[in-house]
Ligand SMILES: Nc1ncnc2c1ncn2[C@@H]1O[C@H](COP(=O)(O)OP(=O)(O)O)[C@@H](O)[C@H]1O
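Starting off, we have a lone chain in the form predicted on its own, written out as structure tokens.
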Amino acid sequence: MSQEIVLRTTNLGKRYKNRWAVEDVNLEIHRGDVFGFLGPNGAGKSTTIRMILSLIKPTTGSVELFGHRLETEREKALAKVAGIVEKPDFYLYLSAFRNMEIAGALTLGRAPGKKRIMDSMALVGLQDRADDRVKTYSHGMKQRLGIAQALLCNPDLIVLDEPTNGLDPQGMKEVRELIAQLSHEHGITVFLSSHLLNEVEQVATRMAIINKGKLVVQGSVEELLLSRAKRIILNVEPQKKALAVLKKLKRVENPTLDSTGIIANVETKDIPDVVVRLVAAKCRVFSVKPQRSLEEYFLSVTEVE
């Protein structure tokens, strides 16, 4: 059974004079996704997000949210959507609670009740700091408060543009855990734009990579990484003997020994034969696993020709 598509862009593009910032981008985000939207700085990520949130008008193409076309049914399309583009802004000398009241009034057309505000702040772990002035908040806490503001409208889809940008490792961890919590515990679909590959790799279920304004690839994170998983780690003994065997095999490239085992480049289809050769040489093979990383995959599909 196919999953519901909550966000679809069709041939989406934005042109500034003679330059295409985004061109023919076709995205599909399914309900329940933590969708990583990746690309180098200047690739067109923020421009795409601004078009999705109706902050700028596309030059070409269309955006559909929950089955409603943005250009003809804007209110219905955005009714279940919340977003933070770049960094959230606050009245620093007001309390977090008062900031939430103001943001809620702007978003909902009326001031939200105390319970609704505190429930949103509890989701991001800030309920005990609700009465503190925002100027006393760390950068990571401000990011979480921005997400709490976005949650006031009970969204089914939340769009986050570089939510961990400028955070220290602890702040990154807090925001990463919050994104996972929103998805797993509250069923919110998350569209996450970032250039921090390690952060996305830890939380995203599906992803797309954009480069120079054009969509390069899109799909399941696990499947995309496995499709390029040529580098493997072999846990084998005796290591020196195994290394000598591997160096003689034409289908094994650059076998080297490090603290994790023997690392080599081997096509997936050739792995069984490599294991057979090692066993025939009286080496004991304990495990063979792909050494895959989003960073390696990202660089391989965005490298300059």
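Residue numbers here begin at 1 and follow the sequence given. Nothing here was measured: the structure is a model prediction, and the numbers come from that model.
Another form exists, predicted together with this ligand; not displayed. Remarks below refer to it.
Colleague: Is G36 close enough to this ligand in the predicted complex to count, meaning some heavy atom within 4.5 Å?
Modeller: Looking in the predicted complex, residue contacts with this ligand do not include G36, since no heavy atom lies within 4.5 Å.
Colleague: Does G44 reach this ligand in the predicted complex if we count a contact as any heavy atom within 4.5 Å?
Modeller: Yes, G44 is a contact residue.
Colleague: So in the predicted complex, does any heavy atom of F286 sit within 4.5 Å of this ligand?
Modeller: No, no contact at 4.5 Å.
Colleague: Within 4.5 Å, heavy atoms only: does K282 come near this ligand in the predicted complex?
Modeller: K282 lies outside the contact set for this ligand.
Colleague: Tell me the stretch among 44 to 52, 239 to 247, 25 to 33, 274 to 282 that has any heavy atom within 4.5 angstroms of this ligand in the predicted complex.
Modeller: Every other range fails; the passing one is 44 to 52.
Colleague: Quick check: do Y16, R19 and P40 each get a heavy atom within 4.5 Å of this ligand in the predicted complex?
Modeller: Yes, each of Y16, R19 and P40 comes within 4.5 Å of this ligand in the predicted complex.
Colleague: Using a 4.5 Å heavy atom cutoff, which residues in 270 to 285 contact this ligand in the predicted complex? It's fine if the answer is none.
Modeller: Residues within 4.5 Å: none in this stretch.
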